[in-house]
Structures are given as structure tokens and as C-alpha cells.
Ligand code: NAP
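Just one chain follows, in the form predicted on its own, and it is written as C-alpha cells.
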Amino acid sequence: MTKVAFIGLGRMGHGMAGRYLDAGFSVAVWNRSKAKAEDLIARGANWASSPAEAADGADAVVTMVADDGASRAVWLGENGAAATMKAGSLAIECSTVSHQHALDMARELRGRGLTYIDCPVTGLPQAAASGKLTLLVGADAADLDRARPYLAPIGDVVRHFGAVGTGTVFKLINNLMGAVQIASLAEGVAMAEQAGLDMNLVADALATGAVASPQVIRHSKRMVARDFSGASFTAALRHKDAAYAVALAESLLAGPPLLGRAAVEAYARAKTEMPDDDEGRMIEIVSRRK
């Protein structure tokens, strides 16, 4: 039976790991907290005491962790996955990492005879659990073909942007634009409230008008209602992604990324005040500002 190791069982990773079980793979899982794996273990997953143990004998290792530091640790740290992966196996990075980190990891893992693919994803946790994610891939075409059987369980759309690193470039662009949209939405909602507008009408107009985007549609009514149940993305993660994106922009653009820097500043404040809370709570920070 084909074996997949899945590392990182947060809001997205948990559902993604379950998809490999649904697809009939032999699945080994690792997470810092075993409690998040208990239901997967009950469904047939094998618990591993380390990334290295999870990766031992795996045909593909898939990671979904928080940032560059966590990614490096699970691949190359003490008891990291790369220590036990067999030559030629696939290292599929679904985490959102910095562009330079993706390039560095590709080089280091290639030097160990492994094939690294950057494959960050877009979609909410519900999409992760149902295999409906969009996969943003950076890989050689031949490597992508080899990886497709391991991508099919988790995503129904594959966007191949080019060589390793390009999937991450697009993901950072995507998430930086999301940060700008959510922060500006919070300011707009706060302005409407202070001006005494009918906020139900405002929420409907924002979600159906010319500025509507998936982020605006998702967050406008939640901000108006101050309903932050069902959090899917935290302020800390949005800040991390925006900061990675601004660093990339500064290496590519002739001038400073002004809107990007503003978004990073806004989410730096949100990260300090509510790091593990829903990113939509930006409205509460904006509303308190004098």
C-alpha cells in the first residue's frame, strides 16, 4: 500500500490528512500535540513520535506547518523527516513559507536525493476536509506528474506556476492582497458605523457591490455583527504571510510596497493584541482608534 506521511495537524492539516485516509493510503501522522491526531488514529492513521518516524518508508511526505522555522525543523531538524526519507521520494510543502525558504529547502533536499515541491493551498478548513482545495504548485513538470496521485486527494484544482518557488510567490501575493482587503474593509466598516449608516444595508452592499471579493464577502457581515465564530485564519498567520510577501516585493519591485507595508503594520498590531484570534477582529482594533 502506498504510504503518505502527514506532518502538521492544524485547522487545515487535520482535514488534509483525513483525505489521504479516505483515499485508501497508508497514513502516518505527526503533530506537536498528539491530541489533535486522536480521531485520525481512530480512523486508521499511524501515530509517529517524530517527523523522522512518520517519514520512514513513505513515498511522499506532506507538511502543513506554520512558518519557515517550523518547516525547517520538521524537514531538517533533529528527528526531521529528511533523515529517514528514501531516495527519490516526494517532499510536498503545503505550508505557506517565504520564497527564499522554499528555494533553500528545494536545494537542500535535492542534495539528499529528494524531490521538493512547493504546493501552498487556498481554501477554508471545510475545503481541506472535503478535498476541494486549490493547489498552487511550483515544480518541474515531470515532478508534478509524479506528485499528482498525492495531490488529487486534497485538491480539485492544480495551478502550476512554473519551477520550484513559483507556487509560493503566488500564494504570498494572494495572501498579501487578502491582508490589504481585510484591513481596509475593517476601516470602511468602522467609518460607516461612526457615520451612523444602516449597517445591515452596508454589509449587504459591500458583499454584492463593486468592491466585493471573497474576502469582503466572507468578512463584511461578520465584522458588522461582531460574529467571529468559526475562525479559520488568525491575525498572527496573516501577519506572517504579509511580512513574507513584503520581503519578496522589496526584492522584486523598484519602489517600496506601500500598501503591503501598511498591511504588515496593521497586522503587527493585531498580532500583538490578539495573535490567536480570527483575523476579522481587525474591526475591533480599528474601532478603538481615536
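Throughout, we count residues from 1 along the sequence that is shown. Model, not experiment: these values are computed from the prediction.
Separately, the form predicted together with the named molecule exists; it is not shown, and the next lines address it.
Heavy atoms of Ser50 never reach within 4.5 Å of the named molecule in the predicted complex, leaving it off the interface.
Using a 4.5 angstroms threshold between heavy atoms, Ala247 stays clear of the named molecule in the predicted complex.
Contact check for Arg281: every heavy atom lies farther than 4.5 Å from the named molecule in the predicted complex. Shown alone here, Lys221 lies farther than 4.5 Å from the named molecule in the predicted complex, counting heavy atoms only. For the candidate spot formed by Met12, Lys36 and Ala66, every residue has a non-hydrogen atom within 4.5 angstroms of the named molecule in the predicted complex. Note that among 104-112, 180-188, 198-206, 88-96, the stretch whose heavy atoms approach the named molecule to within 4.5 Å in the predicted complex is 88-96. Proximity to the named molecule in the predicted complex, defined as a heavy atom within 4.5 Å, singles out one entry of Gly131, Gly77, Gly165, Pro125, which is Pro125. For the stretch 24-46, the set of residues having any non-hydrogen atom within 4.5 angstroms of the named molecule in the predicted complex comprises Trp30, Asn31, Arg32, Ser33, Lys36, in sequence order.
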